[in-house]
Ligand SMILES: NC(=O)c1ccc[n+]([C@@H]2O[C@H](COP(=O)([O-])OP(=O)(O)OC[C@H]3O[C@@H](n4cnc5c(N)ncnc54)[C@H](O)[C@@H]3O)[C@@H](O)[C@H]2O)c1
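Take a look at this single chain in structure tokens; it is the form predicted alone.
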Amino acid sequence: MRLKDKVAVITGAGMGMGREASVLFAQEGAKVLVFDINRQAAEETVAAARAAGGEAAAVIGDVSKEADVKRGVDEAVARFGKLDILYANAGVLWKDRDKSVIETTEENWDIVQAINLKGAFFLTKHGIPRLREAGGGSIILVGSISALAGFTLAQDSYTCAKGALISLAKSLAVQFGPDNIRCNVIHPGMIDTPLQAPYLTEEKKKAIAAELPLRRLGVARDIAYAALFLASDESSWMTGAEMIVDGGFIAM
């Protein structure tokens, strides 16, 4: 019960890392507001969290729309009484449309930025006042190893958005530390999730795993456990920091 009596909003919680975190947080005592654009996926996550013995509810919305995100934050407080944890997990990975700057259209650039960066902006904009009301809390932003290293197969809008989250985390940490509000970033490596599925054949998975020091791809729970630590009071003296969970990729 590492999150007993805490309330969390998790965006992009319909599947993958967001669903895994929702279930784990619920198991550990949190009340979870599952925010996702896909109603069926969100409801399945809520069912899984409840089956695990926790409390959860869904709000359907688009993280790139400020009104939707505000509605999600307000619903969490209305339903559960307060807010302690903001987990900006929602993101999009479009390797077929988000490429090098010389190949990506303005429209696709803007959509990727809106989901991966503005979503975190809206969540923190409307969530931080609620954390203040609760006497503090934890903000978790999901970055990427793409923000820390260049890749031959570029995804430049995605990379820029994830890099910007590092700066945002440091700014929020400094601004709101006196309010007992912490903000940290998780940088996942290659995680075997539905988001990656269109780009990962079994052959590619084996090839990538063979190059990593730990010799496997990550799974959603690897990231959920990192988020659990950052959401809990165990990380109470940690803010403005980056946690790399990548099977050793950056170490090479």
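One rule holds for the numbers: they count along the sequence shown, beginning at 1. In this text, all values refer to a predicted model and were calculated from it rather than measured experimentally.
There is another form of the same protein, the form predicted together with the named molecule; it is not shown, and what comes next is about it.
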Which residue, G143, G137, G127, G72, has a heavy atom that falls within 4.5 Å of the named molecule in the predicted bound form?
-> G143
Any non-hydrogen atom of L168 within 4.5 angstroms of the named molecule in the predicted bound form = no
Can you check whether A224 is within 4.5 Å of the named molecule in the predicted bound form, heavy atom basis?
-> no
Report yes if any heavy atom of G61 sits within 4.5 Å of a heavy atom of the named molecule in the predicted bound form; otherwise report no.
-> yes
With the cut-off set at 4.5 Å between non-hydrogen atoms, does L117 touch the named molecule in the predicted bound form?
-> no
Residues in which of 127-135, 97-105, 157-165, 175-183 have heavy atoms within 4.5 Å of the named molecule in the predicted bound form?
-> 157-165
Contacts with the named molecule in the predicted bound form, stretch 86-101 (heavy atom within 4.5 Å) = N89, A90, G91, V92
